[in-house]
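Only one chain comes next, encoded as structure tokens, the form predicted on its own.
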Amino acid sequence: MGVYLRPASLAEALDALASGSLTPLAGGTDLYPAQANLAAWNQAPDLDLLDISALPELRGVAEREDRWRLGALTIWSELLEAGLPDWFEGLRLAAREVGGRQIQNRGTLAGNLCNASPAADGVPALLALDAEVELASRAGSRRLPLAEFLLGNRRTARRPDELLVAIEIPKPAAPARATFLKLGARRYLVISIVMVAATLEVADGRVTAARVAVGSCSAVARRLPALEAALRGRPCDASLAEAVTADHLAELSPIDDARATAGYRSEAAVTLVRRALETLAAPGLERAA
């Protein structure tokens, strides 16, 4: 059995990370099943664990002048009850897809990101919100755009001596609206085949900024810069969905697996992006920034 530490302060946690190789543990909803699966084959390593669940500095949802700050230990059910603005709707919809209620009451936002699964439900919605992560170590802190933090399947830019302490979401420059769509083999408790999240900023009936992200179609969820550029300046109406082509999703690299073929994923992604834009262009969706 490995070492188990449960620090009472962030400073204590960072000291521990600086002095040895430790695996951070928060909700455990990814770590425990992975360890159990390895143990079934007598392959589970004796991990040295740093349980960060008691750190008050990593809790809470707070509004700042120009952004929202989500503590790393925020659980999905807390996010749903946090009274966030309407333009967080895409993230709220994603939160409802993270496992069942038990997982939503235990799993954390930071754990979802640090686990770095291509099918992580929270990632596309956070990408569409232009999220940044804050990483802290004994040497100081740094911020990274989420797209730079996620390097690939189960890989991130977090150094061994760092903790992800918060997720920061900038406030939109114009009234914004957002959504999230997930395709799976069944309605609930399913790993996604394709996910799409989109956020539009709209002024005077036209799109001033667009952020569209697709998950489960590459080693890491990806934004679609070509499509985002094509949407800027267009009227916010049904023509948005009509503008989407397969070429706009050419940077994706879906795979064949037990859930779907690469070809099916590619076609489904185009359809879900169009549906997301149709939803956001519907009358009555005007939102305050």
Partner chain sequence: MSPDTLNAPAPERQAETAAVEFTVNGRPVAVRAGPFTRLTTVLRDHLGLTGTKVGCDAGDCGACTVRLDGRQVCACLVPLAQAAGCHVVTVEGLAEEGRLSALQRSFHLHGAAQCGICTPGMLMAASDLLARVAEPTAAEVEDALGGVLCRCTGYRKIVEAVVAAPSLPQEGNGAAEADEAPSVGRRLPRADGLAKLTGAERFGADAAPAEALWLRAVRSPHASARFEIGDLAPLHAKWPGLVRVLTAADVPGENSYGIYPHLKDQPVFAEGFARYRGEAVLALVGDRETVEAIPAAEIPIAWQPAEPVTGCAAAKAPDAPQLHGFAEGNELIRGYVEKGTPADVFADPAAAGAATVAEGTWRTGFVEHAYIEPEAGYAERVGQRLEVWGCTQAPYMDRDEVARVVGLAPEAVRIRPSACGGGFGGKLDVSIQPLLAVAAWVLERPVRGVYSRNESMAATTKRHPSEIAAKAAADAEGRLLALDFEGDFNTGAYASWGPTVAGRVPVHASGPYHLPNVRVLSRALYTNEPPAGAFRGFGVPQAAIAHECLMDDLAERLGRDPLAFRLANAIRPGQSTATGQVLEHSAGLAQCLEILQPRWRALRAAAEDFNAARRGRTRRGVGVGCMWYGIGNTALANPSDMRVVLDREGGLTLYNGAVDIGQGSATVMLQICADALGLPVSAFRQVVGDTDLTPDAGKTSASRQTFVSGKAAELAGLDLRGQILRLANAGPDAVLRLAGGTLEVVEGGRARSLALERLEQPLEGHGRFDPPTTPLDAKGQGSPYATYGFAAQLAELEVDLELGTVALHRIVAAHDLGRAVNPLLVEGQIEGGIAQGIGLALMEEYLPGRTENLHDYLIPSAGDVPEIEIHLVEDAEPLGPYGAKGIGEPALVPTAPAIFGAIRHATGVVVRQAPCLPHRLRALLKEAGHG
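Quick caveat, the model's predicted, so the values are computed rather than measured. Residue numbers count along the first chain shown, from 1.
Keep in mind the form predicted in complex with its partner chain is missing from the figure; the text below concerns it.
- Checking 105, 115, 137, 208 against its partner chain in the predicted complex, a heavy atom within 4.5 Å turns up for just one residue: 105.
- Though its partner chain is absent from this view, in the predicted complex it lies within 4.5 Å of a heavy atom of just one residue from 101, 155, 159, 143, which is 101.
- Though the partner is left out of this view, residue 260 does reach within 4.5 Å of its partner chain in the predicted complex, counting heavy atoms only.
- Proximity of residue 218 to its partner chain in the predicted complex: non-hydrogen atoms within 4.5 Å are absent; the residue sits far from the partner.
- Although the partner is absent here, residue 271 is a contact residue: one of its heavy atoms lies within 4.5 angstroms of its partner chain in the predicted complex.
- None of the heavy atoms of residue 237 is located within 4.5 Å of its partner chain in the predicted complex.
- Considering its partner chain in the predicted complex, the lone stretch of 143-151, 163-171, 177-185, 121-129 in range is 177-185 [heavy atom distance within 4.5 Å].
- Contacts to its partner chain in the predicted complex (heavy atom within 4.5 Å) from stretch 217-250: none.
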